[in-house]
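Next up is one chain by itself, shown in structure tokens, the form predicted on its own.
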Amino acid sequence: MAAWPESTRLIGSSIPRLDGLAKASGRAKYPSDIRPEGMLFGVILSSPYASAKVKSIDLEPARKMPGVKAVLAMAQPGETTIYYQGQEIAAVAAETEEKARDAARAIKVEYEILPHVVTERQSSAPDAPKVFNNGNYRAGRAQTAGKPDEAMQKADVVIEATYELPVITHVCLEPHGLTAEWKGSDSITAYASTQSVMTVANDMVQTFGVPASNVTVLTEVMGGGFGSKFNADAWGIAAARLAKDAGRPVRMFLDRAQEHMIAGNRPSAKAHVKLGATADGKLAAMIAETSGTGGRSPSNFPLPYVYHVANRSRTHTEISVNCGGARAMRAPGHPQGCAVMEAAMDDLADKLGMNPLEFRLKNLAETDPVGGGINRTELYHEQIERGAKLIGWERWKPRGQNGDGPIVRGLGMALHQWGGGGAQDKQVACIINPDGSVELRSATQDIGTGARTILAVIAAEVLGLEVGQIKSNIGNSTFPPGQSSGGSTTTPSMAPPCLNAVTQARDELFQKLAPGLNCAVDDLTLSGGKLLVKGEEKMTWEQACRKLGVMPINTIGRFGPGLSSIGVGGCQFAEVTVDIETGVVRLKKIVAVQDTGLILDMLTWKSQIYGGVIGGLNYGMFEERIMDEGTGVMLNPDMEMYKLAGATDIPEIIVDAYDTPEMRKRGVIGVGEPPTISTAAAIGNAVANAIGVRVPKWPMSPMNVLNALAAKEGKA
């Protein structure tokens, strides 16, 4: 079984993406760019109401519209209940997108409009309409450890506060969708913007009953998913049905408003927390009552988070509202749990009169074992030391001592953790052709993380070639089974079989060449595009491959133990300024320190960290779904009123890779989720440090900051 090389030429260095130029120049074709010959445009008609019954649907007006080729009812009159704005009613395919939209508007739908609840406040009213027959609330059992009430009474210092984070929606730049093309009555190809070509293919097989061998899902590149794009979804299935009816390919991608309403969200979180400590700064007890809503989906999050609280009790209540459902969003649950826990930790440190950094160090578990025999607590100590130096923590001052003018400055920090392990049933094919070309194949996909490049780096390292000489062919469901891209599992799932496949292919090449060279297999090595015998150059890579004749080498690699691991930690620091007259927060600097085992490509690894931090600062500073209680509709389903950071909102971001020999020995661990977890928490703590009072509601918008300042002055 292969092992990661002890000394490397490429692995761990900074290597540009193989598809970087194509993406930057616009040459890359995303699924939404694909235009099969004869393609029609599909449009979804969605419900304008948050709660209703569908009484009737008349599709005939749409069918009579010029250019319309197929119309499909997705709701059933007399049967379908509308649970949220945007729920699918019907679908249309037409010669142009404009004609399809006109036709969708022509469909006559009669609704019985029902009362709705679209906010947690509405849902909790005594006479609130019920989303489900069994009510709007589902309280979980209390999770209790130790004796929290008794320990809380003995605590020397206690804080009690409520923290809130809003629902935020997925905002993938490339909308959800696919283009479906039937090739005969039982063969279909889908060009899908997906995080799992295999899952979409399986959805097609299950829905249409076609042979799995007749389904091909292709995702050459895709424009973001973040956890929300695993299945074909109702709109993808509708595209395939319309394509079959029309006998022509159908392109179906959601519009921006539908993206916000039905493509998934990160649930809200509300936590009433009581946290106590001894006078010397050791956590004594935590009692928490939490809640949240993911529409009709779960909303739970981890709490306590990172820190060791021996005596604790927590009850979580799921709240249902008439809004689109939650979907996994980069590190599901962790950003909420981190923000709540880290805010409470900072507030308690302030009441204790302690430096919050020292308070955190005091309350890490004595041991926190993760994969590879690593004690994560020791990692945290070293990471915090490195992060503190990079942010300049020696400048930290207690709350309320950060300036006398209208502009005050603050520092904050937070810790996070994640699993990141890989699956053990994935495969990679390696093909060495007689002309010297090398191809890797697997039914995984590159969702923007650099998966294609990472696999090529591994192959080039083993074969002594340059990365550009490797064709990393992924994003095709017909290839050997690959990993769905979620939960930071892609790299630890795919790197081990890739290493094994390429190593097997190299060894098979050596076995074929050795007899003709009158040497032992162990005498052969590859370096710099050359074949070496006992360390001496014998021929070029191409000359060596030509000796294969007409038969390529084709190997399949599988998972190997010791090549990947699980369990990472990281910390982030934020520096902000706050205008206490306007409530405007400006980010000045963010430091992210992260470990993830063996780093295969430092450039794409850092890209992941930057992306995670930017996603986290959006959560901390801007994002919020705003629902209108009166009408039940979302008020900001666009990219104007749904706020995201612009270029000038991005501060200096310092990424520090915790890349040590000990970490490299652990093998590969995913890094997609961890860096986005603690950013919003660190920003919230920096704002509290700056203005001297906790802003209990995210995002750190001017309104929320001014409300906190007013509350401090007793004016709220």
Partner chain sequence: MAENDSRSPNGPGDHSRRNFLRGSGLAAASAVLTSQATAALAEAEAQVASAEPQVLSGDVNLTLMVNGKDMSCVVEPRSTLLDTLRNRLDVTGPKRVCDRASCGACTVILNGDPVYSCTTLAVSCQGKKIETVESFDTGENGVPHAFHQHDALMCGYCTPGFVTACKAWLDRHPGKEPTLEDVKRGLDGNICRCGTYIGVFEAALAVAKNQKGV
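Residue numbers count along the first chain shown, from 1. Not measured: the values here are computed from a predicted model.
Unshown form predicted together with its partner chain; subsequent notes refer to it.
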Exercise. Within a 4.5 Å heavy atom cut-off, is Glu623 in contact with its partner chain in the model of the complex?
Worked result: yes
Exercise. Should Ser32 be classed as touching its partner chain in the model of the complex when contacts are defined as heavy atoms within 4.5 Å?
Worked result: yes
For this session: May I ask you to state whether Arg9 is within 4.5 Å of its partner chain in the model of the complex, using heavy atom distances?
Result: no
Exercise. Any chance Arg694 has a heavy atom within 4.5 Å of its partner chain in the model of the complex?
Worked result: no
Exercise. When you measure heavy atoms, are Arg138, Gly294 and Tyr658 every one within 4.5 angstroms of its partner chain in the model of the complex?
Worked result: no
Exercise. Just one of 199-207, 299-307, 404-412, 601-609 has heavy atoms within 4.5 Å of its partner chain in the model of the complex; which?
Worked result: 601-609
For this session: Using heavy atoms only and a 4.5 Å cut-off, determine which of Glu508, Glu97, Asp628, Glu466 is in contact with its partner chain in the model of the complex.
Result: Glu97
For this session: Identify which of Ile447, Leu531, Leu348, Val502 has a heavy atom within 4.5 Å of its partner chain in the model of the complex; exactly one of them does.
Result: Ile447
Exercise. Though the partner is not shown here, which residues of 216-234 have a heavy atom within 4.5 Å of its partner chain in the model of the complex?
Worked result: Met222, Gly223, Gly224, Phe226
